[in-house]
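Only one chain is included here, represented as structure tokens and corresponding to the form predicted alone.
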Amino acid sequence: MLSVIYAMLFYVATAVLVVGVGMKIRRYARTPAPLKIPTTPAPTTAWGVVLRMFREVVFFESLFKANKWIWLFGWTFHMGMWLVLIRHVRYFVFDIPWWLSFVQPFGVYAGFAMLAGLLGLWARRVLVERIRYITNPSDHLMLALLVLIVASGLMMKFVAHTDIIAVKAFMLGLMRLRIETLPSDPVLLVHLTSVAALMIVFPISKLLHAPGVFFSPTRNQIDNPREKRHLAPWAAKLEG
């Protein structure tokens, strides 16, 4: 019964995540940008925009220029998160390729980087007065959920070990619409419940900045208003 409950939970969470994020991306893509508003100095070519977006997504360039301490905590958390996510790919493939084996030890300790980054970002929302003023209860709840996910994952690695072979069999079974037996370890159940909760709330949370950054006109526009007249698609139809 426990395996069935968690299987249904993850099917629902996956559906909510995929459909919800897909609808948000569709909304972002359809939202008109009537003005040229790239933050200067801005690139004047399409390849320049691509390079700028790469620096923004990978290195958090604008945040680095704005505040070094926030950049340090934010970049540490996000880069650690990517390593952890890549490490977790092993639970969804039968044969582990060499590059996935190579990243495993780095992914383990990236969990500590994630936790340090999260705690730093959380402390900022408590200790910095101007940030505390604009912080909502939902911000604290989201940070608490992320900390719970990371902390429970680290506990399974270093404190309360679980049967990862059975966990992998369960995940592979879900991908094939087959329910395998899930270990009933409390820490594992807390970890999986927290992950499913994050997947469900993701489409309605501030975490949507992940896909949203690619649709920001201050970042994705070419700075060429003098060379080329800018017309939003809806305005072009009116002129036509």
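Start at 1 with the first residue shown and count on from there. In this text the structure is predicted, and so the values were computed from the model without any measurement.
Heads up, the form predicted in complex with ligand HEM isn't pictured, but that's what we're talking about next.
Peer 1: Would residue 215 sit within 4.5 Å of ligand HEM in the predicted bound form, counting heavy atoms only?
Peer 2: Taking the distances in the predicted bound form, the answer for residue 215 is no, it never comes within 4.5 Å of ligand HEM.
Peer 1: Considering only heavy atoms, tell me if residue 99 and ligand HEM come within 4.5 Å of each other in the predicted bound form.
Peer 2: Contact check for residue 99: no, nothing within 4.5 Å of ligand HEM in the predicted bound form.
Peer 1: Heavy atom to heavy atom, is residue 206 within 4.5 Å of ligand HEM in the predicted bound form?
Peer 2: Yes, residue 206 sits close enough to ligand HEM in the predicted bound form that at least one of its heavy atoms falls within 4.5 Å.
Peer 1: Evaluate residue 175 for contact with ligand HEM in the predicted bound form, applying a 4.5 angstroms cut-off between non-hydrogen atoms, and reply yes or no.
Peer 2: Contact check for residue 175: no, nothing within 4.5 Å of ligand HEM in the predicted bound form.
Peer 1: Quick one: from 190, 63, 37, 201, grab the residue that has a heavy atom within 4.5 Å of ligand HEM in the predicted bound form.
Peer 2: Exactly one listed residue reaches within 4.5 Å, namely 63.
Peer 1: Going by heavy atom distances of 4.5 angstroms or less, which of 33, 70, 197, 49 would be at the interface with ligand HEM in the predicted bound form?
Peer 2: Here the answer is residue option 70.
Peer 1: Could you run down 99-128 and flag each residue that has a heavy atom within 4.5 Å of ligand HEM in the predicted bound form?
Peer 2: Heavy-atom contacts within 4.5 Å come from 107, 111, 114, 121, 125.
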